[in-house]
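Okay, here we've got a single chain as structure tokens, the form predicted alone, with questions on binding and movement later.
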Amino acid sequence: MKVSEIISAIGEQDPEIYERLSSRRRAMSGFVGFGKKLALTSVPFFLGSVLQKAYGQSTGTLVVDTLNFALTLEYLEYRFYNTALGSSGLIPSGPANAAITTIRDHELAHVNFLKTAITAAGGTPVSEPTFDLTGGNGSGNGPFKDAFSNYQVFLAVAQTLEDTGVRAYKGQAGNLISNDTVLTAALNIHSVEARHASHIRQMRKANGFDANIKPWITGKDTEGVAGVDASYAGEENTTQADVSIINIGGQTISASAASEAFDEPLTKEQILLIVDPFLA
């Protein structure tokens, strides 16, 4: 029996298989082309790949778990900015207040999107945890206790949260690869978090923290934020795909520049350790 005939037989039992794969015409065209090229011994492997594409739902739980993990991070960011905006006199009026309001609204949009995506995937969105935004594990007296009374501390913590968010989304992207739609949306959020991080850094520069502060991470430099080493661990990496970036191609490229050119992912376990102090 030809590959195309096998797929047609499956189609009689499951008319939706073509929608699962692609349009019927494109699917059948692909099957015929493959059928001409494949050796007989390769057919079972090809069919296994096809059916995994059509029916590979075993990763559904992983997708939902990953989205719920991202949702928890978005809850934290939204709550942090919303609390700051409600703290009288903390954020200067004008462009600064407008920027933080916009970022807060972005985080709320991310929260609502992730809830919708989780529900659509057949899961249940996690509820927002009770946060200790001072990073004190519920004591209210953590290392960031001045974040809502001191504008410089607020911006420093905001920068760290955004930098961590960028690395978190990158680290979880592989768990969403089975769902192109969700993966695309998550990467869209990832890029917005990166812009947030860059803008917060520019706000710190404008507020006089450091005239030389850059819009991106350099090495594992925490840039004056105490107690956040875990958020920047690994960013000093200067090797990608076993290729050293320092002075690559005969160019003069420093270790700092090499580390800046790539963001490093953080694992779920690393992120949980970073976020844990913020949970009451």
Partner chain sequence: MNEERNEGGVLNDLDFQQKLHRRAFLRYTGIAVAASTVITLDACKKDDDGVNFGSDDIAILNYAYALEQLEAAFYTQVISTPYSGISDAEKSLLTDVRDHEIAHREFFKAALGSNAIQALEVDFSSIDFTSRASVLGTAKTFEDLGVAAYNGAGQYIASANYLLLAGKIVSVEARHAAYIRDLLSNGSFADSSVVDSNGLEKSMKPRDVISAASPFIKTKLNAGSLPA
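Positions refer to the first chain, counted from 1. All values reported here derive from a predicted model rather than from experimental measurement. Rigid core here is just the name for the largest C-alpha set that superposes within 1.5 Å across the two forms.
Keep in mind that the form predicted together with its partner chain is not shown, yet the notes after this line are about it.
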*So which of Val153, Leu90, Ala121, Ala99 reaches within 4.5 angstroms of its partner chain in the predicted bound form, heavy atom to heavy atom?*
Ala99
*Out of the stretches listed (122-130, 199-207, 142-150, 75-83), which one is close to its partner chain in the predicted bound form, meaning heavy atoms within 4.5 Å?*
199-207
_Is Gly60 part of the interface with its partner chain in the predicted bound form - any heavy atom within 4.5 Å?_
no
_Touches its partner chain in the predicted bound form: Ile253 (any heavy atom, 4.5 Å)_ = yes
_Taking any heavy atom pair closer than or equal to 4.5 Å as contact, tell me whether Ile103 reaches its partner chain in the predicted bound form._
yes
*Contact of Lys220 with its partner chain in the predicted bound form (heavy atom, 4.5 Å)*: no
_Candidate site Leu183, Ala241 and Ile245: all three near its partner chain in the predicted bound form by heavy atom within 4.5 Å_ = yes
_Heavy atom contacts to its partner chain in the predicted bound form at 4.5 Å, residues of 233-272 in sequence order_ = Asn237, Gln240, Ala241, Val243, Ile245, Ile248, Gly249, Gln251, Thr252, Ile253, Ala257, Glu260, Ala261, Phe262, Asp263, Glu264, Pro265
*Ala211: with the rigid core matched between the shown form and the other one, does its Cα shift 2 Å or more?*
yes
